[in-house]
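In structure tokens, the next block holds one chain alone, the form predicted alone.
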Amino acid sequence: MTSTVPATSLNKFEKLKAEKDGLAVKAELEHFAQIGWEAMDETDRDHRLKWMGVFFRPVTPGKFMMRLRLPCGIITSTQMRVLAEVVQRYGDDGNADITTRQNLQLRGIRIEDVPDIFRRLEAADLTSIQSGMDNVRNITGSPVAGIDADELMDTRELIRQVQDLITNKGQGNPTFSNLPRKFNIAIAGCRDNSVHAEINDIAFVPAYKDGNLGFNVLVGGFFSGKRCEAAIPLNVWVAPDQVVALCEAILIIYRDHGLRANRQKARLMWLIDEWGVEKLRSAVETQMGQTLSSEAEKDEILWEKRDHIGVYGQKQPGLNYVGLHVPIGRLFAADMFDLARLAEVYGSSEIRLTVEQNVILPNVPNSRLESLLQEPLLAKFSVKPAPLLRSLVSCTGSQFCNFALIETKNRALALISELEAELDTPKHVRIHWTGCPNSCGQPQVADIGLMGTKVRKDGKTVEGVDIYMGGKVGKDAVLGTCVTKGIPCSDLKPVLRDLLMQHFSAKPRQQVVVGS
């Protein structure tokens, strides 16, 4: 890794990476398990473990979070059962959250059990390697790749190849273990931007060039507490067989030239600001050793975004995929075991996750569809959720995350349930909660986004939110902006009620008066 930052000006994260590569702790996991979390070196425990996908959480001392890598959000029933067994061990403290990158995070992990868990993951062809800190995050794609009756390209294999490049097929890859900051990649083969291309550092969106189907490339999209930017065109079109090489080239350039002195200015877009997009494009061509085609005049993102909840016929005759709504994306061990069973009994033993934190069961034959819809789990994970609940997204919140300024998931569910009871909303409204400015809950892509903050009320500091509006997904996606700051959470319900009535045609439900 090349860096032009003098050693004396390195921030603390660059210093800890210079002292020891995060992947080095892989060889120390057994030792950590023996000595326990309290005896560990704090830098290893609080930071370097994240290269293994294991996250220390001060709000749950002794219990860690583990973030997996599930490219394109695809998991088998066998893998889900392995993860359910891990979660089950920890009883009420254990659960799993579906993330906004089609991934799973397991909670309640003890450092004493990490070596055994890693052995279980490896046996099930699962990995959590390089899923945190300054690494490439889970690679997203269409959750119905390969089964969508209207898809343009099945991108599953491409996504797997990019992950294998970055992680050395799950073994860990020091070539990409010291980026300036985290990095997001998305590859779409559909018409509805199911990957939220605009918020990724690299996004591939389908486009035809001279009659050939490939991808236009967007770069630089990101959220942070300091700045949020939508991805911009690199003015490049690539064929499918160029995707992996282009990802490698941009990652090497970012690794070697990305800004490192100020961590708040270390994402790819800050380098683009300094260089200009044409210099980045030229550097990519030099790194790849080839001249790239200019972008196609138009891409094929033509539809409004789908959420895939419900029952849909696949491209394979006689088969269906069934999208289940998982409230706030939270799964417990019993849910995970049940999903594994349903996938085996009714489908092809495959489960898919979406960026809306929901689940899809693919390859369900027509003959088994009605029986699946009668399963008790579908009363909890509905195929026809209420309009406001349907599009509710939430980050982890302060229950488990020390960065969060407010509790999100439980509050979001309770508040939406009250609003559903009081309002008749003609269409679903995308309401996203995030506990802090890191924006894991992606409020900027929501119809109504709520970002946690601290506010003053009656002379006391209390939990509150800043409100974002105007986010649009799908065709012509745009990021929303902050419209109101500092609303105490205790005062939020009437504010949301007014917004829903003013902007989304919600009306009060007619109250039934019981006669005497």
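So that there is no doubt, residue numbering starts at 1 and follows the sequence shown. Keep in mind it's a predicted model, so treat the numbers as computed, not measured.
Just so it is clear, the following notes concern the form predicted in complex with siroheme, a form of the same protein that is not shown.
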query: Using a 4.5 Å heavy atom cut-off, which stretch among 392-400, 420-428, 377-385, 117-125 contacts siroheme in the predicted complex?
result: 392-400
query: Does siroheme come within 4.5 Å of a heavy atom in each of 67, 267 and 438 in the predicted complex?
result: yes
statement: Interface check vs siroheme in the predicted complex: of 363, 224, 161, 76, the one with a heavy atom inside 4.5 Å is 224
query: Can you pick the one in 103, 135, 193, 358 that has a heavy atom within 4.5 Å of siroheme in the predicted complex?
result: 103
message: Taking siroheme as it sits in the predicted complex, is residue 216 in contact with it (heavy atom to heavy atom, 4.5 Å or less)?
response: no
- request: Answer with yes or no whether residue 107 is in contact with siroheme in the predicted complex, where contact means some heavy atom within 4.5 Å.
  value: yes
message: Even though the partner isn't displayed, in the predicted complex is residue 177 close enough to siroheme, meaning a heavy atom within 4.5 Å?
response: no
query: Might residue 50 be said to contact siroheme in the predicted complex, defining contact as any heavy atom within 4.5 Å?
result: yes
Stretch 42-61: residues contacting siroheme in the predicted complex, 4.5 Å heavy atom cut-off: 50, 55, 57
